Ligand code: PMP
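Encoded as structure tokens, the following chain is the form predicted alone, with no partner shown.
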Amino acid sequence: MPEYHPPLAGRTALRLDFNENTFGPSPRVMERLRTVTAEELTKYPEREPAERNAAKHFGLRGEQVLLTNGVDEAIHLMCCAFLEPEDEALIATPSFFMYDVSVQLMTRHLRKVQSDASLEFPFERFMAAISERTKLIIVASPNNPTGAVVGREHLLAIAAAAPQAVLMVDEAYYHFDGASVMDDLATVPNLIVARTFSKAYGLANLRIGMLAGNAELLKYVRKVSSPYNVNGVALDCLSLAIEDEAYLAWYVEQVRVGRERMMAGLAELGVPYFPSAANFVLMNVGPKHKELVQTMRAHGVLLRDRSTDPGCDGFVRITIGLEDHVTRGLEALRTSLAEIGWQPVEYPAGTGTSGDVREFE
């Protein structure tokens, strides 16, 4: 079983490394935090009222929503609920490493379908990898670290091709693209959607996520969930965060505009990148990837080196935030590339490995 060690130490510079909100949550959340009382902290949290509020906000019934300790716990619970030791799980790579960790806690039979050099979702080979033993399928859209979107028609085709399996669509970066299969929950019985409130809502430190889906499926997930998995402060703040739609719209627009600026800036610098629908852009720096990350830190900007991800050798990811943060990121990038002697390359943005299917047993 692999272990995940996020490089969180010494993050005192501009945080363009972990895809967090680079500004802050809704002002309503901050006001609530200032009023937390000692008595409130002595009580066990009650999750159900916040679940009902979230369900109403997303047009669902209360039993169709399970709040979790971030999407990390949501992934863990899905694997506990739906995987036995001889079952298979299916993912595409590169993607979020916590899929590997949680799946391999439950079964040795993890199948990975590697994207080709374009880093687009390998739909045809993914469909071919589904077997009778496949019991859990996880697809991220937009994907991390690539920013690629998996089309709704492809997601529904995957669900239809594997009626014996549960399909979890991880929509952690949904707000920055807008495409979702949430409306398909009523007609696709084996579909569950995961959402996080860490990214656009700016609640990463409070650790709160959500699973939405068929009430019968979620009944099994509730069985493996702690009744107190989400703390009461996070539950109170969630209701305020989702109600402040004006703040959310403002921040999402900042990211969308900034993302276009960043991609245009990378093109001007001659840095190959992958078109993104999320709040980050993945670029191909080549052999100088470590040197760039270190130099950017010296200039007060943090980046995430993704070179160890499958098919991502030499790739670095930069988070998109407020307009000023994008400006500072581009300025530091221009300076750092010059300092390390990086030269523009002539190959196209996609430089990953050829696609294949691997089974880890």
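Numbers follow the displayed sequence, beginning with 1. Just so it is clear, the model here is predicted, and its values are computed rather than measured.
What comes next is about the form predicted together with the ligand, which does not appear here.
- By the criterion of a heavy atom within 4.5 Å, residue 71 is counted among the residues contacting the ligand in the predicted complex.
- Using a 4.5 angstroms threshold between heavy atoms, residue 196 counts as touching the ligand in the predicted complex.
- Interface membership of residue 137, defined by any non-hydrogen atom within 4.5 Å of the ligand in the predicted complex, is ruled out.
- Of the heavy atoms in residue 121, none are within 4.5 Å of the ligand in the predicted complex.
- Contact with the ligand in the predicted complex, judged by any heavy atom within 4.5 Å, is made by just one of 107, 144, 284, 93: 144.
- Only one of 256, 133, 207, 154 lies close to the ligand in the predicted complex, with a heavy atom inside 4.5 Å, and it is 207.
- The putative spot formed by 99, 170 and 173 is fully lined by the ligand in the predicted complex; each residue has a non-hydrogen atom within 4.5 angstroms of it.
- Per the 4.5 Å heavy atom criterion, the ligand in the predicted complex is contacted by stretch 199-207, the sole one of 199-207, 248-256, 263-271, 123-131.
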